[in-house]
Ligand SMILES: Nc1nc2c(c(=O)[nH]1)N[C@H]1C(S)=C(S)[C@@H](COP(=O)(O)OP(=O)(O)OC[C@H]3O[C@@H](n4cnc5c(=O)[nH]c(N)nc54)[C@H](O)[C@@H]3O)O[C@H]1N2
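Here's a solo chain for you in C-alpha cells, the form predicted on its own.
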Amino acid sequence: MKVYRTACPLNCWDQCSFIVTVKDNTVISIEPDPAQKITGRFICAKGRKHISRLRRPDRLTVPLVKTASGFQPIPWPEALALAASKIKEALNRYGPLSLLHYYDSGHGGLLKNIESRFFSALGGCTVHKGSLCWSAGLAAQTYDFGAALSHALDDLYNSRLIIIWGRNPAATARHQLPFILKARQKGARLVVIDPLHTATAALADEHISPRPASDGALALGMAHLIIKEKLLDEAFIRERSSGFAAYRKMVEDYPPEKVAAITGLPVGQIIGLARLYATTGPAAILLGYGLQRHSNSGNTIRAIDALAALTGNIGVPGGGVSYANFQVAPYIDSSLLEGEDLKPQRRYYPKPCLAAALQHQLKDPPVQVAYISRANPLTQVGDSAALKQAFAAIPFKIVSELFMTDTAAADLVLPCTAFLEEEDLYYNSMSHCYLNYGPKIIDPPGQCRHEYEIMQALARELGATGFPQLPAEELLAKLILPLTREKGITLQQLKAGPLLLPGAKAVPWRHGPFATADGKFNFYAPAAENEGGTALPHYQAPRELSNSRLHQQGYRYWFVTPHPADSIHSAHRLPGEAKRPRVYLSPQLAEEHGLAQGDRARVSSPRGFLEAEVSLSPKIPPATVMVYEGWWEHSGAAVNNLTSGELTDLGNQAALYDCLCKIEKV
C-alpha cells in the first residue's frame, strides 16, 4: 500500500484535496485530505467517481485515426507524424491563423495550459475569448472593483445576513454549505434568490423567486428604495466610490411598483428585501453562475455589486459580493504558458459563437486544422446542430481525450492520461486559495500520454524551438517562480501537502485602493463604455425570453439547464451509466399538455429538440421546463441542441439560459 496527496481536477467551486491509497498500480480509495481546511471533511459523489472512471473498459488507450471503414488504431509515431504533416501543410499554405485551438476546463491542472505556448511556438493560432460559464460576471466585477475577489468562507461567521443569489451550493459547492449553515446557527439570516426552488432554497429563512433574468431590475429597485429612504453608507460613497450621482439619477426610474411588474414579485417583498439588506449588516452576497447566463447578465452582476457599495458592505468582515476569487493566479507565470515572448499572431472569436465564427467570420484564412482538448464542445456549446455542421467543414480535427465523446469522433484521437496518471499542480480561482501538488500516482492504461508530452513530441516533429522540452517537474517550478519570489513557496514545499496562499485576503478591499483606474468602486464604469458597453448597470429585458414573436409561435416556456449534483458538464454522462435524463415540470404545466409522471416528452426550441422522461415537481415554476445539462447525444437529451449561440451583454459569455421552448407528449 502507498498513500499520496493530490487534488481533484474537476471544474468545481470546491477543488477538494485528496488522500489516495494505491496497491499494485490500482487505486484502492480516494478520501478527503484533512490538511485542507475547506474540503477536508468529506468528498462528493463526483470525486468518488474518479475511481470508476479510471477503470472503465471504454477508456481510450491507443491513438485512433478515422478511415472509410471507421476508427482504426494507429501507432504513436504515425499518429504524431500525421498530425504534424496536417499542421505543417496548413502553416505552409495559410499561415498560423488557419490553426484553431479549442480548449476548456475539463481538467484543472496547470500544465494543461502549456498548449497555448505550443501554438505560439508555431506562430500563433485562432483561439476564443470569453467563456461558456462565467466571463460575464468576471467582466462585471472587473469594471466595478478592478478584479474579482471573494471573502474567505469562514468570514461568513461575521455576517448577520447572507443572500445567496442565483447559486445552489447544496448541489454545486457542497463544501461551502457547512460554512453557510454554521453562520446561520450563529445568528445570520439566510435569503435565497432564485427562480427555482432548489435544495439550497429549502434551507433558507426566505426564498424569493423572481422571473428569470429579472434580477438586475430587482437590484435596481432595491437601490431605489435604499437611496430614497437614506439607508446609505455616505462615508463609503464619498470616500471610496466614483460615479454615484449618475447612478442615483438612473435608479430613480426603478420604483418598487415598476420593478414588481418586471420581476413578478409583490411590491412589499421588494421593499422588505431592500430594507433588510440595508439595515442588517454586515451582509454577504454569494453570487452564482445562473445569474449571468442570460443576455442581460453582466449588467445584472454590476447592479448587485452596486447594492453592496451603497450600503458599505464592501471591505468589511461579513460583507462582500463573492463571485470568483483570483488571488492565486497572479503568482503563476501566465506569460510563459501563453508564449507571449514568442510574439504570436492570434485571431479571436467569441467562444459561444464558434459555429457562427466558422461559418461566417473565420474565412481569411479558413480553419484547416482544429486541436481540441479538455472539452466536449459538440454537447456544451449552444446551438449544437449548427456547430456540428460547422465542425464537419474543418478539413482535419485532432482531439485529445479520455473517452470517445461526441467531439472526440474526429479525424485523429489521441488518448490522454487522467489526473492520477500524471504530474501537475492545482489551484482554484473560484473560492478558496489553496494550492496542491499532484504527483504521478499510477501508470496509465495502454498507450495514454500526458498532453504536455504529446505537445513536446509534436514540437519536435515540427521543429518548434520555442516549446519547452523540460521534465514536468522543472516546468512546474518555472511556472511558480512568481510564487517563489514573492511568497517564498517552492515546489518542494507544495509536495508536502495542500498549502494556503500566504497573505491571502479573507476580506478583499478592506484597505487601500480598488484595482480600477481611479482606485475607487465604479458605480459609473468608463472602462465598460470604452469597450462598447454602458457605463451604468442598466436593466434590459432578456432578448429571447421577451421575444413576443416566439411566444406567438408557441415557444412560451423558460428552458433552463442547471448543473446537477452528480456531474460536471458532460464528464459523468458516459454511455452505459444507469442514470437517465429527465424533463422536470410543474404539475400545472404537465396537466396543460396532457403529461403525467413517466411519460415521454419532446422539448423543442427554434434550434432543435430533445426527448426524455417526464418528472413532476412542485418546486419547478409553472412556466419552466428544466433539464440538467451535460447529456451526450446518445441520451437523446443533449440540452444545447436547444440553446442558442447568443452572447451576454458583457464578457463574451454564453447566454445559455436565455432560451424559450415548447413541450409536447411523444
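Keep in mind that this is a model prediction, so the values were computed, not measured. We number the residues from 1 along the sequence you see.
Beyond the structure shown, there is the form predicted together with this ligand, which is absent from this document and is the topic of what follows.
Stretch-level contact analysis of 410 to 418, 88 to 96, 532 to 540, 437 to 445 against this ligand in the model of the complex, using heavy atoms and a 4.5 Å limit, identifies 410 to 418. Proximity to this ligand in the model of the complex, taken as a non-hydrogen atom within 4.5 angstroms, holds for one residue of T142, S116, T263, S567, which is S567. For the options S373, Q456, N325, S242, the one in contact with this ligand in the model of the complex, meaning a heavy atom within 4.5 Å, is S373. Mapping the unseen interface onto this chain, R293 counts among the residues with a heavy atom inside 4.5 Å of this ligand in the model of the complex. Taking non-hydrogen atoms only, H151 never approaches this ligand to within 4.5 angstroms in the model of the complex. Contact annotation: E629 falls within 4.5 Å of this ligand in the model of the complex, judged by heavy atom distances. Contact check for G106: a heavy atom falls within 4.5 Å of this ligand in the model of the complex.
Contact with this ligand in the model of the complex, defined as a heavy atom within 4.5 Å, is made by none of H101, S604 and T648. Taking this ligand as positioned in the model of the complex, the residues of 625 to 655 that bring a heavy atom within 4.5 Å of it are, in sequence order, E629, V639, N640, T643.
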